[in-house]
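Have a look below at one chain only, the form predicted on its own, in structure tokens format.
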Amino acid sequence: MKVRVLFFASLREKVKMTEATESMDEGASVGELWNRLCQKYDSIEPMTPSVSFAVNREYADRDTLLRDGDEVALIPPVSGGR
């Protein structure tokens, strides 16, 4: 199956792209997708504890199962100020 991956903020800067398409096995989870991306882009692995995920614009956890055509947003922690 294929899923569309959207990279935001510092993740986008680290991988130098805004989106990608990943081929995953049927029944793969968000966590498995994240692990694969960490292997491809080792600079994002240190962000593992703090990244949030959304599948089809709804927050999801690492155990969420993916389906063909899903859109997965990778959201790093956001800092801001005044």
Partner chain sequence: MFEIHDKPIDVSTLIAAVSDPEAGAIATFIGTTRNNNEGRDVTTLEYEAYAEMAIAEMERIGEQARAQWPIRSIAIAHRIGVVPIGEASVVIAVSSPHRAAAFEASRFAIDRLKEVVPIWKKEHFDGGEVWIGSQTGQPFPSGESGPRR
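Residue numbers count along the first chain shown, from 1. Predicted model, so just to flag it, every value in this text is computed and none were measured.
Unshown form predicted together with its partner chain; subsequent notes refer to it.
No residue of the trio Lys2, Glu32 and Tyr41 has any heavy atom within 4.5 Å of its partner chain in the predicted complex. In the predicted complex, its partner chain stays beyond 4.5 Å of every heavy atom belonging to Thr64.
A residue is said to contact a partner when one of its heavy atoms sits within 4.5 Å of a partner heavy atom; Ala20 fails this definition for its partner chain in the predicted complex, lying far away. Of the heavy atoms in Pro49, some are within 4.5 Å of its partner chain in the predicted complex. The shortest heavy atom separation between Ala73 and its partner chain in the predicted complex is within 4.5 Å. Looking at 25 to 59, the residues that come within 4.5 Å of its partner chain in the predicted complex, counting any heavy atom, are Pro49, Ser50, Ser52, Ala54, Arg57, Glu58, Tyr59.
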